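Read the single chain below, which is given as structure tokens and is the form predicted on its own.
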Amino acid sequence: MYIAGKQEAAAAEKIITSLTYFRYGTGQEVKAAENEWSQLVGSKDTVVVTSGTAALQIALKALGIGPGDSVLVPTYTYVATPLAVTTVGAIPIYVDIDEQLLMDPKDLKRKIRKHTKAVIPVHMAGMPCNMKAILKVAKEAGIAVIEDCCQCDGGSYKGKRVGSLGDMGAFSFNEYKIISSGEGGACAINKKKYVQRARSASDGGLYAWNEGKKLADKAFCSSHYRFNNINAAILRQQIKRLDGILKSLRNARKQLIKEIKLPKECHFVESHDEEGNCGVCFLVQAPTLKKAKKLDAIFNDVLGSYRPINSSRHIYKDWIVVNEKRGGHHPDWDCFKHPKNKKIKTNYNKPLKQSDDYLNRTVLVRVPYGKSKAAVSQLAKTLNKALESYK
């Protein structure tokens, strides 16, 4: 989250004093936020919910994924991505990442099996995946595509916003994302046949309310991931700020990449879509682990940086509950013990060398927000001076 102020406070206060907190009834902030997000993303519909994790679960449920199915996820993403798969009774399978630290379409193709029903490409750290290649592989295999856009609010790929390219798209609005409503998420729905199923998945009691009575599709049992009008009011103000935030970040990122003079043996990693990259960071790769550590120390002193291999809960090796197949809260609600999943082979104990290599040798450098061109230039000069110590 980069900025918030009087607009968000006033919007929240208005709802608080009007006592219209509930998403159904006289308050219309949630519905308005859904319409505005659909318009921004370019999706047919949107369900705004409690978190990005909830949005992923809703997408999986809307697609009818469950026991007997496997879903492909990248090795670099927040643990919520594979957890969402286990929650619906399916099995997550790990796919290697490419140089951009995003799902590798080549390994995606290698990992598809008869039981594979969907793939979740994750647009990490504001960087769009190679969606052209991923969509091609998915189409040839006949599997669904759920875009995890939780770290890429507002990003785009080849002129289309992320979240509008696959069957469904999941977004997050917690404090650590580009825009925030405190907590929250959104499930963007790109095919009409999934709209009613997604709404039913988002609210098991939907049919008790007037909005639910307008739907023709049959309901099914689900939990409640309902959003509220207070957070929605904040979200609507954040949506207005989004493109301005992205413009500032993108300009700073481009300027830093242009003005920073890297050692000859290191290089900036080009995005799959430079214009669509959210600009929250840039990637630098070194030839060896030892030199990556040295490069990280230099960048961290000036801009803030880290090697992704050290981001714990975002790395496949650290997804303990999945890797140790701890499953659900009850033995009979454990995807790893479900008889329909018995023949699905997992790769949790196998080191994925390509992923480990990129995660080790890459330095993720944070881009400052709201800085003037002169201030960004000064940061670049400071870095260039510091980089003289790199050997």
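No experiment lies behind these values; they were computed from the predicted model shown. Numbers for residues come from their place in the sequence shown, where the first is 1.
In what follows, reference is made to the form predicted together with a small molecule, a form of this protein that is not presented.
> Going by heavy atom distances of 4.5 angstroms or less, which of 38, 355, 70, 53 would be at the interface with the small molecule in the predicted complex?
Flagged contact: 53.
> Find the only residue in 164, 237, 174, 251 having a heavy atom within 4.5 Å of the small molecule in the predicted complex.
Only one option qualifies, and that one is 174.
> Do all of 306, 311 and 359 end up near the small molecule in the predicted complex, with near meaning a heavy atom within 4.5 Å?
None of them does, since no heavy atom lies within 4.5 Å of the partner.
> Can you check 263-271, 76-84, 154-162, 132-140 and let me know which stretch has heavy atoms within 4.5 Å of the small molecule in the predicted complex?
Result for this chain: 76-84.
> Does residue 150 make contact with the small molecule in the predicted complex, using a 4.5 Å heavy atom cut-off?
Answer yes; at least one heavy atom of residue 150 falls within 4.5 Å of the small molecule in the predicted complex.
> Evaluate residue 122 for contact with the small molecule in the predicted complex, applying a 4.5 angstroms cut-off between non-hydrogen atoms, and reply yes or no.
Residue 122: yes, in contact with the small molecule in the predicted complex.
> Contact between residue 184 and the small molecule in the predicted complex at 4.5 Å, heavy atoms?
Although the small molecule is absent here, residue 184 would touch it in the predicted complex, with heavy atoms inside 4.5 Å.
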